[in-house]
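Coming up is one lone chain in structure tokens, specifically the form predicted on its own.
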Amino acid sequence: MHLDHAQHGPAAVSADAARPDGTRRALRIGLGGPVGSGKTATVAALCRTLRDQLSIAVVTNDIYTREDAAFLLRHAVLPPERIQAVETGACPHTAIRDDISANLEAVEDLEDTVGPLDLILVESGGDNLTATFSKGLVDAQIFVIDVAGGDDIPRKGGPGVTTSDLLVINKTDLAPYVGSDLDRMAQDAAQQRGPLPVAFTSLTSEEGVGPVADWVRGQLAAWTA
């Protein structure tokens, strides 16, 4: 059963949309999902696709390491000063939903040091289907799952699947090899999410992130309108 979601359209401008100097702050989009679903690869692909059009920065979250930030740095998706890492030291929920202070400090530091920015991507550490972001941290959230995790994930539901602003079903190229039925996943996702959008992606090519990049552009257009 679809869980009702307060916002079916583009992200609304929140009360703290302005920075202390009166300028509009960057749109913040959170990316969550299980370990290995392709969150960091999605962030990297979005950066490569959008960096020539937008001023972007990224905040990554890992429990005890900075592995995701190191991945982005190795692949040179953005200049190093535009990537910050947060070591949560606990369950990823803590830093993106419960005590968001470290992430808020990171996004504000990025705006101060490399701003003005159009977009900040906040990547959660790998978590389960209950992972959600505080609305005090991000303006919209993407939840990434992958077909290798099983084609029953959409019908299992959970807040990440049912209420995220965009559900991404990644690694579609693996479906024939792991026995996942993409049509069934699409039907189950639609039943769980109602009118909320779903994107199918395969990041084996740069064009594979296209549906997600288009959605981000739509969110940014609404934010700046």
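Sequential numbering from 1, following the sequence displayed. The structure presented is a predicted model; accordingly, all values stated were derived computationally and were not measured.
What follows is about the form predicted together with a small molecule, which we do not show.
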{"item": "Within 4.5 Å of the small molecule in the predicted complex, all of 153, 158 and 198 (non-hydrogen atom)", "value": "no"}
{"item": "4.5 Å heavy atom contact, residue 41 and the small molecule in the predicted complex", "value": "yes"}
{"item": "Contact flag, residue 170 vs the small molecule in the predicted complex, heavy atom cut 4.5 Å", "value": "yes"}
{"item": "Contact of residue 213 with the small molecule in the predicted complex (heavy atom, 4.5 Å)", "value": "no"}
{"item": "Contact flag, residue 36 vs the small molecule in the predicted complex, heavy atom cut 4.5 Å", "value": "yes"}
{"item": "Stretch from 49-57, 160-168, 186-194, 28-36 whose residues place a heavy atom within 4.5 Å of the small molecule in the predicted complex", "value": "28-36"}
